[in-house]
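First, one chain by itself: the form predicted on its own, in structure tokens.
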Amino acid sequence: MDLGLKGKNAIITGSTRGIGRAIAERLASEGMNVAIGARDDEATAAAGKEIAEAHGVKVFAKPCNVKDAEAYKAWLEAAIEDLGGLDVFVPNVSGGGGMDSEKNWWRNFEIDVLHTVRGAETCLPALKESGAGAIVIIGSTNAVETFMGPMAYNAMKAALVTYSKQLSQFVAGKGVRVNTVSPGPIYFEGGAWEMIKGTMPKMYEGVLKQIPAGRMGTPEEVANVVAFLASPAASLVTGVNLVADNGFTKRVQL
């Protein structure tokens, strides 16, 4: 199926590894030019070179710390200028979980929420010019069901679901769609679930047993969902929180 993304431009934050990298690879495989970034200069440069060589597309690859508001906005603007416009924005960076202190709340607010809001506000003018702009926010199933404990990560991801819905209503008339993809447990080398498997095997096995299919998802599977929602093939879809969890969550969404 041709998703209609060839020749268009995308920005993906936190895109040198894991889900973000898989999204960048997937969009590039559709012929999209991509802007990628993370805090590590060498990792960003290496990822950019690999994506460009693998898919033959233009890649803007510069380091970026989304906690630095002005530097982050400047990075986005430079990416849009370098690519020659913007059609898709995927805010993927997260501060991760943790329950040890109040610092987790500040970290998740700054990284998960403010990075998404600042990114959307900076990118919207270019997305409106696209005529078929799309924002795909990366959420989490932790936002829709209780999981582990009262973590800042869970609450801030829930805030993003609400923000995504409200923003979708606000910009729909400007030709921009906004959706959220909420992955369940996703396993990849160097990821959180690999760490949990090695350090907390009982927890890992307990979560695995709750997944009817008997396996966790992969970054590539999440990337497939993002690519669809970002594309003109999903032109009728906006304001949706699409849960991609292999049946992990048990709620009924009416």
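The shown structure was predicted, so the numbers you read here are calculated from the model rather than taken from an experiment. The numbering used is simple: start at 1 and walk along the sequence shown.
Keep in mind that the form predicted in complex with a small molecule is missing from the display, and what follows is about it.
Heavy atom of N65 within 4.5 Å of the small molecule in the predicted complex: N65 belongs to the contact set for the small molecule.
P183, heavy atom within 4.5 angstroms of the small molecule in the predicted complex: Looking in the predicted complex, residue contacts with the small molecule include P183, since a heavy atom lies within 4.5 Å.
Any non-hydrogen atom of E221 within 4.5 angstroms of the small molecule in the predicted complex: Outside the cut-off, so no.
4.5 Å heavy atom contact, F228 to the small molecule in the predicted complex: It does not: once the small molecule is placed as it appears in the predicted complex, F228 has no heavy atom within 4.5 Å of it.
Location of the small molecule contact in the predicted complex, chosen stretch of 119-127, 132-140, 82-90, 163-171 [non-hydrogen atom, 4.5 Å]: Comparing against the small molecule in the predicted complex, the contact stretch is 132-140.
Residue (of R215, K49, R39, K58) lying close to the small molecule in the predicted complex, criterion heavy atoms within 4.5 Å: So the residue touching the small molecule in the predicted complex, by this definition, is R39.
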